[in-house]
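Have a look below at one chain only, the form predicted alone, in structure tokens format.
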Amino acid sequence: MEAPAPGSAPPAATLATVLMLRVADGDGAAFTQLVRLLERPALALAFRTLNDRAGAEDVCQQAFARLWTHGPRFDPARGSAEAWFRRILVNLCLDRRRALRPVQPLDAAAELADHRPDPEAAAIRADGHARLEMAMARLNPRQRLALSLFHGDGLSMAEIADQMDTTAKAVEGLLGRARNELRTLMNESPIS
């Protein structure tokens, strides 16, 4: 049996191999047909390898670009165009997976700092909240209401004045006295 002439397909060549030989000669229409023929299986293989749709599409695009630029290197005596393209695609997928390796090994994740407050800080914050609640409970009801509407609900002094049936200037004075009283109550003896 004779070896096929250079640039021609072996007798049992697949459609992809025939198209690849035409692509190697710069035939753009053959390249379009070859892409249509290989696109679905290539995308499926890349997706299975990478488990990322966008990454699979990128790798397929790179593989088809290499198919076009490296077309003259294709040798049908060494295998089919499908196998040659599959090797290009798999190599690109593996390169992409190697590039996406985490910077630190997974074991290092156990040593990451915990950003939650430590128990001491949590106890101090809880003590502060308890002191504030106790101090607020001891305030004059109008002062407590003004503070709650201003700091809790975020209302303006004019809105508070409407709610409390008074003037904005009176609300300003009420808030000032409430803050002073609250500061005094918060600095008193600790919770018993």
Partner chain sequence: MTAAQPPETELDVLLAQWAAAPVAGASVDVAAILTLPQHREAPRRAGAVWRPALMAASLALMVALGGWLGLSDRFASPPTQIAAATPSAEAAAGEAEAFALVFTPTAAEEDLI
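Note that this is a predicted model, so its numbers are computed, not measured. Take the two forms, superpose them, and find the largest set of C-alpha atoms that agree within 1.5 Å; that set is the rigid core. Positions refer to the first chain, counted from 1.
Although it is not shown, the form predicted in complex with the partner chain is what the next lines describe.
No residue in the set A168, G173 and R177 has a non-hydrogen atom no more than 4.5 Å from the partner chain in the predicted bound form.
Interface residue remark: Q163 is not counted as part of the site for the partner chain in the predicted bound form, having no heavy atom within 4.5 Å. Within 4.5 Å of any heavy atom of the partner chain in the predicted bound form lies no heavy atom of S156.
Put simply, R142 is far from the partner chain in the predicted bound form: not one heavy atom of it is within 4.5 Å. The closest heavy atom approach of V18 to the partner chain in the predicted bound form falls outside 4.5 Å. Residues from 35 to 49 that approach the partner chain in the predicted bound form with a non-hydrogen atom closer than or equal to 4.5 Å are V35, R36, E39, R40, L43, A44, F47, R48, in the order they occur in the chain. After superposition on the rigid core, the Cα atom of A178 is displaced by 2 Å or more between the shown form and the other one. When the rigid core is held fixed, the Cα atom of P41 travels less than 2 angstroms between the shown form and the other one.
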